[in-house]
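Only one chain is included here, represented as structure tokens and corresponding to the form predicted alone.
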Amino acid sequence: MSAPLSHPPAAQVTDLIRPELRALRAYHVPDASGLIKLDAMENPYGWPAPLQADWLETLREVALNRYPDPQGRALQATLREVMGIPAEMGLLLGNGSDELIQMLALAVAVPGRRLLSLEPGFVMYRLIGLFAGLDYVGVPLRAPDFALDLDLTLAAIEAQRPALIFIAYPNNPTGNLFDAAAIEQIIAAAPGLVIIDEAYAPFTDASFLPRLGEWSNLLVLRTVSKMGLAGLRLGYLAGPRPWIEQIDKVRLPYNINVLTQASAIFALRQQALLDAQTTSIRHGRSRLLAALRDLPGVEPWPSEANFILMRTAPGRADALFDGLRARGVLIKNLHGAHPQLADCLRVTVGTPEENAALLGALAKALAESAGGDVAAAGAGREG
């Protein structure tokens, strides 16, 4: 009797798995063990011990043997109150904003339909659209400032007639805000839904959330991740109720677990603490941007988010990324992710101590990289 196969035959995998999925690599999250973690746009601040104790006491009352409220009604009410979501708008909760992007894609997925977004932008728009079977259309931002090219975008909308348009506001990974008047024209011209992704709303004063209802096809997507609750995996989508009611049909039952619902309600009641942390991050962003501008060999862009994108000298991004990691600091290497991100690195704004460690490590890595160039030039002359 032959032993069972431990792996499926390659031909079977090729036959069953869609070719566009086989061509992809799974989303990679690097191991940050032992490193200062400045790669994922997380809030670096925790809670004081007394508040943690109060939170844990709240969790004692959660019934783990029961399914959660499928609509998360108490959590929805808290979000409406704290975030100022218009009462007449519908609200839908997701396991992170990624799940809500997936719900939107599944709700409109018909062969031949298109999803449009701006590039460079959040990679999950393209990937989730592909997973759902939508055709993807990427409209390039203007170089070198990553501004929205309105004429090019409107032409793409007219030619492609996308069912979904995603606009990150502020944009990830560039950190800039697009012109609001240009976005208004895009919403008016769109034949389908326009989703303004405000994941980084805590770090800017601009928002389309209060303007829900001005356009029948506008939805606003947010997450609580960047405000210090990334571990909860909670996103929310707001917009006209007829859209929300239809999108809700593709939501898997009980998608927001009881611990997330209880923890999010508790956390949202700590608005003063969350606001203080956000203010600290905004101040830290300003100081970090100024310090980066003083370093030779990097060119940072202004940001309305909790991260800063910077361009290195040609061919230096990989070496600087490795040099920082070797010195205990993990950031995001975007070189190769998109043509406009050549030689680019992205750093999350950390605590003052983390930012200082980043700057010290970066200065040393820059000097090391420059020294390597001098040594190479000397070797060339000797040859």
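Predicted model, so just to flag it, every value in this text is computed and none were measured. In this text, residue numbers run from 1 along the sequence as written.
Below, we refer to the form predicted in complex with a small molecule, which is not included among the displayed structures.
Taking the partner from elsewhere, no residue among 117, 153 and 178 has a non-hydrogen atom within 4.5 angstroms of the small molecule in the model of the complex. Shown alone, this chain has one stretch from 79 to 87, 265 to 273, 278 to 286, 197 to 205 that lies within 4.5 Å of the small molecule in the model of the complex by heavy atoms: 197 to 205. Residue contact with the small molecule in the model of the complex: residue 105 places no heavy atom within 4.5 Å of it. The small molecule is not drawn, but in the model of the complex it has a heavy atom within 4.5 Å of residue 41. Contact check for residue 122: a heavy atom falls within 4.5 Å of the small molecule in the model of the complex. Remark: residue 311 does not count among the residues lining the small molecule in the model of the complex, judged by a heavy atom distance of 4.5 Å or less. This chain is displayed alone, yet in the model of the complex one of 297, 96, 192, 240 has a heavy atom within 4.5 Å of the small molecule; that residue is 96. Of the candidates 113, 251, 233, 126, 233 is the one whose heavy atoms come within 4.5 Å of the small molecule in the model of the complex; the others do not.
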